[in-house]
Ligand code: GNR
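Taking the form predicted on its own, here's one chain by itself in structure tokens.
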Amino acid sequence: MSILRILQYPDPRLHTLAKPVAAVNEQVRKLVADMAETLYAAPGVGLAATQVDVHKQVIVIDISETRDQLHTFINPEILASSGVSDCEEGCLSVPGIFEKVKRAEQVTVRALDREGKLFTLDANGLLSVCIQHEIDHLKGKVFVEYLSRLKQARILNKLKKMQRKIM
């Protein structure tokens, strides 16, 4: 397993549309394992393959306190959604930034697991928000793009200042 490099917003590769996974094979399972290791090392609660510059429809999420309940979603598709949640979100690709985003409170998602088995999951709360957030990455969208242009400009300026301090 390897820790992968996470792309930082506004890297244009974050806007690349992810392609469906044709077959769940050893290469895809290795990607899932590497993404999980990257997620735990970051640390974060969700990671889409797009964020590590692999443009395949693969997501890993673990919202547990114990960090031992990894969910893998390959070719995820939201079948239904209901309610409204106004939850503060952050992102490993937008470090140090947290903003409220409106999302569905509950979703039903269909996907393949790491073995290639099709499953359906009803999710609410943080898991629902994470699924929607990570699927957005697969569609080339970053959560800050839900915000006003003014907030987006402020976030970009803040990220640039943070980058200058690192260099």
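These numbers come from a predicted model, not from an experiment. The numbering used is simple: start at 1 and walk along the sequence shown.
Just so you know, the form predicted in complex with the ligand exists too; it's not on screen, but the next bit is about it.
**Student:** Examine residue 45 and determine whether its closest non-hydrogen atom to the ligand in the predicted bound form is within 4.5 angstroms.
**Tutor:** So residue 45 counts as contacting the ligand.
**Student:** Taking the ligand as it sits in the predicted bound form, is residue 129 near enough to touch it, meaning that at least one heavy atom pair lies within 4.5 angstroms?
**Tutor:** Within the cut-off, so yes.
**Student:** Mark residue 88 yes when one of its heavy atoms lies within 4.5 Å of a heavy atom of the ligand in the predicted bound form, and no otherwise.
**Tutor:** Flag for residue 88 set to yes.
**Student:** For the spot marked by 51, 92 and 133, is every residue within 4.5 Å of the ligand in the predicted bound form through some heavy atom?
**Tutor:** Every listed residue reaches the ligand in the predicted bound form, so yes.
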